[in-house]
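This document opens with one chain alone, in structure tokens, the form predicted alone.
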């Protein structure tokens, strides 16, 4: 009897993308989208922990009011390093680079992305950009803030602005190449029967994100290049002393950097749609509206940049227009939240780790989204601009929501990526710790900002200390929550229980191949003959084991 049971236990496939060739050269020159995804996984994880170290130093400084741990100059370099690393080298590339690279060909039944070599080039561009920025941070640092506001960045800062600018320029090309690859792949390489309205919402979200990447990223790349040229060769683009206009820089910077918010959050929304559908065993309520809302966010996101500039001298009439459009862009985001909630209603909800992260995402995103409406209101925005209210709102949307979705997606597809399960109990514990630690870290900052504590200051009045201590204590809890998955993911790759091809069970073509997948993904190109998220039918048998 035991032999029969043992025979039925899942086994790792004899050949898969991880064991095709173990040589270092085979990884550095791979054109397999799955291996490139793992290169991104290692890279963005490293950058995340570097950025987290900067954050830890900031929170340690803010435990006490006098600013007694770092000088003002050092503190400026700390929050700048944290912002640059987290925004340009973690939040923007993480979900597209890791999950998007790994899953999009699998989800559409393709053997790879349309341009495999360009895909590898995008990772090398990312690494080149990271190298320049890390060298800038090590050799004297950077003190401009991650926004590089002029004329300080072009004329007054004595730090490595040009090096950092070159690094961000290279990272921008990485983003453009990835977006171009995704668009062509989704258009041209879908499996037979996989019509546009049978695409997973994860693919829709990445398609909309890719449109922003190829249309918006060149703007920030050129803008940062102009900063470097002005600083190095004394051109007069932005410095008023040389005939330039610093407000022009803000227009150019935010024309990209607000859509960049959606480069970060749209892929996260795609992940949540997959998790909600799978763990409620239902088709997403209003699938067409959720897919269309991704495109609406991509379009409207380009029309709201100046709500970052309400106190920069923008005309009242222009401010009213941008305020109204900023309220309008909340509608497609709200459509997603309401439709996820309607999907959960009367669903057969399973509270496994990915679903815990999905529900945590919805909670944090609602708080971040509602406080974004406060910032779209002119009167309130003037009061809280450059306070910790902005810091809290930004982190609820970008860090709370994006990282929760990334962690949920990583747990959901980890058996597919590695062929092994992680320990479920520890995963649930870490999900709860992250949720509690995040709220304890950043919710007090809403109160601090409303009370008037400015951001980027390391010296503050004594009456703000209690809330700052709460925030720093929450950051410690959050750090523990982030460290636990690192340990059990590493453990699971060697000792984790072997996963079946479709362990959840879920719909979608990625679950119709082995875990981990073979190099070529599918033995034969699959054919799609059913609606997306049809949980009324039993899952199909894998086509490649």
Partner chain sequence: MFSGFPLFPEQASTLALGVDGLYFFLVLVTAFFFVAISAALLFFSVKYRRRSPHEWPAEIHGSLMLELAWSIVPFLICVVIFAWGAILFFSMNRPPDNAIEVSVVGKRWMWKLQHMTGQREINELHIPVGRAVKLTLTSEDVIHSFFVPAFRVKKDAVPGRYNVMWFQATKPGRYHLFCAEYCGTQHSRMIGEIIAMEPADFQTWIQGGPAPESPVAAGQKLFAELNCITCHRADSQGRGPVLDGLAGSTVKLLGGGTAVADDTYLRESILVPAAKIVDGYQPIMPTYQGQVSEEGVLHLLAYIQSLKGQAGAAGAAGGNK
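It should be emphasised that the depicted structure is a prediction, and the values quoted were computed from it without experimental measurement. Residue numbers count along the first chain shown, from 1.
In what follows, reference is made to the form predicted in complex with its partner chain, a form of this protein that is not presented.
Could you check which residue among 472, 160, 418, 387 gets a heavy atom within 4.5 Å of its partner chain in the predicted bound form? Going through each option in turn, the one that passes is 387.
Can you pick out, from 436, 299, 128, 247, the residue that has a heavy atom within 4.5 Å of its partner chain in the predicted bound form? By the 4.5 Å heavy-atom cutoff, the listed residue in contact is 247.
Contact check in the predicted bound form: 140, 166 and 500 versus its partner chain, with a cutoff of 4.5 Å between any heavy atoms. Do all three pass? Spot residues vs its partner chain: no contact at all.
Partner-proximal stretch of 426-434, 408-416, 130-138, 306-314 relative to its partner chain in the predicted bound form, 4.5 angstroms, heavy atom: Flagged stretch: 306-314.
Quick one: does residue 150 come within 4.5 Å of its partner chain in the predicted bound form, counting heavy atoms only? Judged by the heavy-atom cut-off of 4.5 Å, residue 150 is in contact with its partner chain in the predicted bound form.
Heavy atom to heavy atom, is residue 79 within 4.5 Å of its partner chain in the predicted bound form? Within the cut-off, so yes.
Would residue 25 show up as a contact with its partner chain in the predicted bound form if we use heavy atoms at 4.5 Å? Taking the distances in the predicted bound form, the answer for residue 25 is no, it never comes within 4.5 Å of its partner chain.
How about residue 282: is it within 4.5 Å of its partner chain in the predicted bound form, going by heavy atoms? Looking in the predicted bound form, residue contacts with its partner chain include residue 282, since a heavy atom lies within 4.5 Å.
Going by its partner chain in the predicted bound form, which residues of 438-452 come within 4.5 Å of it through any heavy atom? In sequence order, 447, 450, 451, 452 come within 4.5 Å of the partner.
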